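In structure tokens, one chain follows: the form predicted alone.
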Amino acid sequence: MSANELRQPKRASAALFKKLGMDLVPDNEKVAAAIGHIDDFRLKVRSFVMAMETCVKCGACAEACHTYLGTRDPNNIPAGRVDLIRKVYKRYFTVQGQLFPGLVGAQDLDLETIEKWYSYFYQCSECRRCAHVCPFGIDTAEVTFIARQILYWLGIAPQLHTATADAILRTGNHMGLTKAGIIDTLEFLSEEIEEEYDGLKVDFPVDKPDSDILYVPSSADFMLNPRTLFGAGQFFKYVGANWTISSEITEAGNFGYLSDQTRIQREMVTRLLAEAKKYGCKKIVWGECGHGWRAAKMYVPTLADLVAVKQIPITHIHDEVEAYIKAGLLELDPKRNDSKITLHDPCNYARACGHADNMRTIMNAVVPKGAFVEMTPNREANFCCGGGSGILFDDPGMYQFRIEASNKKAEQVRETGAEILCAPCSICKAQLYPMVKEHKLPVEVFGLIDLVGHALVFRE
């Protein structure tokens, strides 16, 4: 079995697709259906056409891609990955490709190529570092979005992404948490804070009417990253916020954004705004999730009623904390985080949302002077954790791929000599926990809001 055959995510079953109201396209119809979808995107998405027709194979993206650096597979060079679709595009939608396919690298589409799409477009983490270095600004992530969407319409998608879509449509979160489970977990967290922070009482209101703020956490914070919920609850208590969590949308992430933008992502946007209106909220505050924040910041206005979006602005908890810090309204004791700490810039924050300065304002306020050590490179040039876009697969071949894809990040972290790796994104945390273990890095992983909560000084 080849290395690439091992790097095939477990596929969602026909039964799971049916639960989502989808039917698998029969094998003998997949090629024609895929060509039809490419044609639709060709007519509607200019960035897709640019990616198909502009690349000159200069190679600038190769050494910029953590996936290629980890696997050294030519199809993981961003230009090589896009070529899996570009060759088909040329064959069916350019004169040269129709007349002289062999001369221009055009290729007929077949089922084997579609299988390659499934493998390689789920090895791309949509980090957009290739776009950052491309002299023409070609964004491979845009092609990955399109390829994954086409595959989804064909009935080809990973079990992880499709099961997550099912869970979020049923429960409003990726983890399938019920309202009773959410409330029980938050009550337990309140008790933990009270015990750890000398009797500090922090309530986590759920479905509270007449709230000013709807806080949208990552559902992973209920199970994997509870200290991030600690920090959010402590911050809202400190500033006296009138806030709530909705049991119908306890999810900052949106796996529809990573597989099916036409239905699943739109459904979550509709539910988000409905819940904010239900509880009378004047603002929606997003929790620590990189792709979730990009989906909210960049795509909610195009997927929802613009009037509703303007009535209920959406902001990030990092922006909220930064504003209070700049106004001098938070008493913080940086010595409580007295360790050598480095910051991982999540791709969707730094490269997609201009979300780098605010994280550093917070870091410099909650960490002692000289204790914060930057990675090299950082900010917009930082490398992906290796698990972006939800490629958090645990089946053996794909797990090994995740570790290979994290080689560059592990190298960056090791060079800082840090004791704590701050990762302000739930998918990054889920990837970095095993990265730390497999690369034997002497660091602990925390979120940025974790550090904020720990540094806050409460007075009687």
Partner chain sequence: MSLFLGQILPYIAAVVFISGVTWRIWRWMIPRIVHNITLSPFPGSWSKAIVWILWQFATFWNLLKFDRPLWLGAWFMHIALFLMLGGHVMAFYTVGLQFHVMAPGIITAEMSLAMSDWIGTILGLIFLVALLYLLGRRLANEQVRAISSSSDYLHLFLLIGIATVGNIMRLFPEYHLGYAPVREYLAGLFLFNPVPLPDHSLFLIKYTLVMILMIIFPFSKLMHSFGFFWERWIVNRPYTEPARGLPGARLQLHK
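Residue numbers count along the first chain shown, from 1. Keep in mind the model is a prediction, meaning the values are calculated, not measured.
Beyond what is shown, the protein has a form predicted in complex with the partner chain; the following relates to that form.
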item	value
Exercise: Glu248 in contact with the partner chain in the predicted bound form, heavy atom 4.5 Å	no
Distance check, Thr302 to the partner chain in the predicted bound form, heavy atom within 4.5 Å	yes
Heavy atom of Glu380 within 4.5 Å of the partner chain in the predicted bound form	yes
The partner chain contact at Ser47 in the predicted bound form, heavy atom, 4.5 Å	yes
Candidate from Pro209, Gly370, Pro135, Gly199 lying within 4.5 Å of the partner chain in the predicted bound form - any heavy atom	Pro135
Listed residue that, although the partner chain is not shown, lies within 4.5 Å of it in the predicted bound form (heavy atoms), from Leu186, Ile314, Ile114, Met175	Ile314
Heavy atom distance at most 4.5 Å to the partner chain in the predicted bound form, all of Thr54, Asp83 and Met298	yes
Per-stretch contact check against the partner chain in the predicted bound form, the hit in 87-95, 217-225, 167-175, 191-199 (non-hydrogen atom, 4.5 angstroms)	87-95
Sequence-ordered residues of 343-357 touching the partner chain in the predicted bound form, heavy atom within 4.5 Å	Tyr349, Ala350, Arg351, Ala352, Cys353, Gly354
